[in-house]
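Let's start with one chain on its own, the form predicted alone, as C-alpha cells.
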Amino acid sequence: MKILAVDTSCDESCAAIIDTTQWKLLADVVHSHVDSMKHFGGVVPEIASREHLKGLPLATHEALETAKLIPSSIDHYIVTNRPGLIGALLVGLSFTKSLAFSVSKPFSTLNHIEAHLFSPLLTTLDGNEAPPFPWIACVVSGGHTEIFHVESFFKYTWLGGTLDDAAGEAFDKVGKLLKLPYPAGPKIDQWVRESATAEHRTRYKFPRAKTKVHTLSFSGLKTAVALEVKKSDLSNSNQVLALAASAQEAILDALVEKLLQTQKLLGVTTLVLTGGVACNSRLREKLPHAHFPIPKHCTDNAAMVALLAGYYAKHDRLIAEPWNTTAYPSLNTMGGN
C-alpha cells in the first residue's frame, strides 16, 4: 500500500509518502512559512492559512514527483485534522479530501500529537531498532508540552503537561523580551551553545515552578525574565546572553526534572522526546540516554503522519472516513480512527 500523508497544523505545509510493503519512506517534503511570520514575531493564523493555500499544492506535487507517482497511484490519503490552527487544518483537510475524491481513493484523518508521539519509530524505516516499550514520552514544542506513558503501540495514556505556556512558547516569549528575532528558540540554543559559559547559564536564578506530578508551568519564569529585563541594559550583548542562557537553563531544568520524576514514579527506563524543542542541543546534553528523532523529524513534518498511518494499516485499523469529516483545534481524543 502507498499512503500519501499531509500535515498543515501550524505554519509548515508538509507532504510525505510511505510504501507499507517495502516499509520505506518514498518522499518527505516540508515547505516552511516561518519567513512570512518573522515580521509579526510569531504565527498569525490567517496568514498561515493563506500560505498553506500556496504551499501545500507545491509540497504535494514535489512529494509525488520525488516518489515518481501520480495521484491515482496512491492507495490511501491521510491528513491530520487535530489539534492545531483551525484555519490551517481546514486547508489541509479540504485539499486532501478533494485530491482523494478526484481519484476515487479513500481518505482518513489522524491526530497530529499522536504522530509526534510515535515519530521515534521513524528509525525503523532505515532498518534500525525502535526504542523499546514502555516509554515515558514527551511531545515538547511551541504549542504543546505533553507527557505520556506509552505501554505499546496502541496502548498509551496522557499523564499531564503544561498548565500555561508550552516550553517552545516560553522560549519565544523570552526571545521577544530580549528583542531577539522570531523564532527565538533555535537562535537562543545556537547562541548559548556557541558563546555562553557556565557563568552565563547560572547568573540569573530564574524560578523552576513546583507543580503537581506530571505538570509544568512556565508563566512564572516569563514574568521573572520580564522583571529582570526592565533592570537590564539590552545594548550589552554579554548581559543579554546571560539572560537568554539562564532562561534556557530554567526552562530545560523544569522539563528534565519532571520527566525524570515521572520515569522514577512509573518505573519506566525508556524516555523519548519529540516536537520542535526536542531539537535543542542543551536539552539533548541534559538527557544523554533519551531517544530523540533526527531534528527534521522533531519539528512538524508529514513523515511521522505517514509512519503512523502505516502502522494503522499494518494492524488493519486504517478506516476510510466520510467526506464530511471536519477539523478540531483542540487535542480532542488521541485515537485517529
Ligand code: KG4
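Residues carry their position along the shown sequence, with the first being 1. Just so you know, these numbers come straight off a predicted model, no measurement behind them.
Absent from the display: the form predicted together with the named molecule. The rest refers to it.
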> Among 81, 141, 246, 119, which has any heavy atom within 4.5 Å of the named molecule in the model of the complex?
Replying inline: 141
> Which residue among 59, 27, 272, 298 has a heavy atom within 4.5 angstroms of the named molecule in the model of the complex?
Replying inline: 298
>> Within 4.5 Å, heavy atoms only, one stretch in 92-100, 157-165, 183-191, 220-228 touches the named molecule in the model of the complex. Which?
In response: 183-191
> Could you tell me if residue 277 has a non-hydrogen atom within 4.5 Å of the named molecule in the model of the complex?
Replying inline: yes
> With a 4.5 Å heavy atom cut-off, would you call residue 169 a contact of the named molecule in the model of the complex?
Replying inline: yes
